[in-house]
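So this one's two forms of a single chain, laid out as structure tokens and tagged structure 1 and structure 2.
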Structure 1
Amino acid sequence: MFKKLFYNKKIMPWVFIFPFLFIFAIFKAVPIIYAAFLSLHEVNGLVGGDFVGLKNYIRIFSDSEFYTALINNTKYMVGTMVTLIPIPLVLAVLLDSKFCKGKNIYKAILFIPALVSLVIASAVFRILLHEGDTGILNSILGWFGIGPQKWLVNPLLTIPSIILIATWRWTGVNIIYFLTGLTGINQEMYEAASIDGANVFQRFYYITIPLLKPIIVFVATLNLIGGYKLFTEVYVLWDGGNSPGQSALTLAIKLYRAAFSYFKMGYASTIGFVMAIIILIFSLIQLKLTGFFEEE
């Protein structure tokens, strides 16, 4: 009886998906619905809570901290666009060149920072970005005659400091994405362009960039989505996210504080919901741009 079941092609797929579906329903689907429920309630601590309708949503849109956080997330996102597309793109093109010897070694080295956890990366950068003139980055700047900067103290430099960490950690991964795209480009196109008298920069601009456009869009949307999830760096760089003058307050930090410092579970859920909507919109744009909807 039981043995026969294992041979049934109609029933076995359900047996196969059951464990996943069961856990998915309890720990993914239910929390999403529960988040919607909580966001309509005023909950203090873990028990009870009064239905308040859309009050939390009205509150969030009149909360100046919410806008500060949204702007900070956006600044960070824009910054990663400026660094994490051109730098990996140029490095990938150079790595792809036939004059580059030992490319696998460089590729591996540039990938290593992605393995370092954000907590550790942030802790190390707290040392590197130390504001005194003995700080490591400040010492290096000193060689070029630039005075010491108060990296993690000056509110104008807090977001750039986080962008620096993101750039360090993620260049190697984006290089891999771009290299995958570059191997798909036919070498004959470059040769034909050279014969027609196109120089290196013209070939880069008129051949490489247009053909890599899908990958550039993909990397850009990863930056877009990642930009609104920023949490760990801020949490570690400023002892639980108390950045100078809230200059690096992010949506995720605000959510964490609302929930676990002030125990406003309803309001925290509202922030989570708004975050999810922002990220969902960007994800849909990504899928649209990368042609996901046409494929199936």
Structure 2
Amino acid sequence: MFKKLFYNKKIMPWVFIFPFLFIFAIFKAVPIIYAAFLSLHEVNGLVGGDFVGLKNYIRIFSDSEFYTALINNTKYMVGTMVTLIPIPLVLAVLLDSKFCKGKNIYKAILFIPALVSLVIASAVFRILLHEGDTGILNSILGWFGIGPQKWLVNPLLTIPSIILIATWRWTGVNIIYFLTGLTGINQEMYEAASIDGANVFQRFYYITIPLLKPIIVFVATLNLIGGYKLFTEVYVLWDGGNSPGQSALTLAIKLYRAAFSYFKMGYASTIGFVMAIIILIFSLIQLKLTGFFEEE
């Protein structure tokens, strides 16, 4: 009986995926459903509240802090797009070059930041970005005759400071993604292009970039999602995310405050759902603009 059940092609696949489905239901599906329930209620604290329908959703779009956080997240997302796609792509091409010696050593060095705890990295950068002359980054700028900058105090420099951390941390990961894509490109294409007189830049523009398009879209999508989920760096750089003039306020920080500072669980759940909708909409727009849905 058991042997026949073990070889049953209709039942056994479900047996193997049942642990995943069970864990997903307990830790993903149920919390999402409960959050949807809370978003339709006025919940103060951890106890049930009154049903208010779409009142929380209407309220969020009249909340000026929400728009401030959305703009800050968008600035951060665009900034990481600028640094975390071109820079890793160029470095990946250089590492993939036959002229590069010690590739594995460079890969390991560039990947190390991704292994560092984000909390620890943010705490270290808080020291590096100290606004005084003792700040390491300001000391380096001083070598070039540039005066000390108030990285964490000047509202105009708060988002660039966070982008700097993201660039340091994720460049190595994106390099690995691009290197994986480069291994799938037939080298004969480059050789044929060279014979036809194409220089290095032309081969990069007309061969490398088009053939790496799926990887570029993938990396861009990850950056977009991460851009709107920004939390840890802001929370650590400024105690509790209290950045100057709300210049680094993010949607995740606003959600955290609503839930754990003011105990507005219903409103916090609403912010979470709106965040998910925003990420979904922008991801679909990005995929559409990059031709992801077009048939080959």
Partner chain sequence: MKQNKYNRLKIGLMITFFVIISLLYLMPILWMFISSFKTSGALFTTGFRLAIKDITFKNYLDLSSIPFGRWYINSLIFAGGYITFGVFICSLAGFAFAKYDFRFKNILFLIIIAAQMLPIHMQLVPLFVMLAKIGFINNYIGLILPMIANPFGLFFARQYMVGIPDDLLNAARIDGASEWQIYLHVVLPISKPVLAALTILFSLFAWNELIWPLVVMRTEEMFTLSVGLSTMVGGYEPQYGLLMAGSVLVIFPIIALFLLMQEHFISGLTAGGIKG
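Between two forms, the rigid core is the largest collection of C-alphas that superpose within 1.5 Å. Please read all numbers here as calculations on a predicted model, not as lab measurements. All residue numbers here refer to structure 1's sequence, counted from 1.
Visitor: Just checking, which of these two is the form predicted on its own?
Guide: Between the two, the form predicted on its own is shown as structure 2, not structure 1.
Visitor: Comparing between the two structures on the rigid core: C-alpha of Ile26 shifted by 2 Å or more?
Guide: Yes, the C-alpha position differs by at least 2 Å between the two structures.
Visitor: Taking the rigid core as the superposition reference, indicate whether the CA of Ile279 shifts 2 angstroms or more between the two structures.
Guide: True for Ile279: a C-alpha shift of 2 Å or more.
Visitor: Could the core-superposed CA displacement of Val15 between the two structures be given in angstrom, to one decimal?
Guide: Shift of Val15 at C-alpha, rigid core superposed: 5.2 Å.
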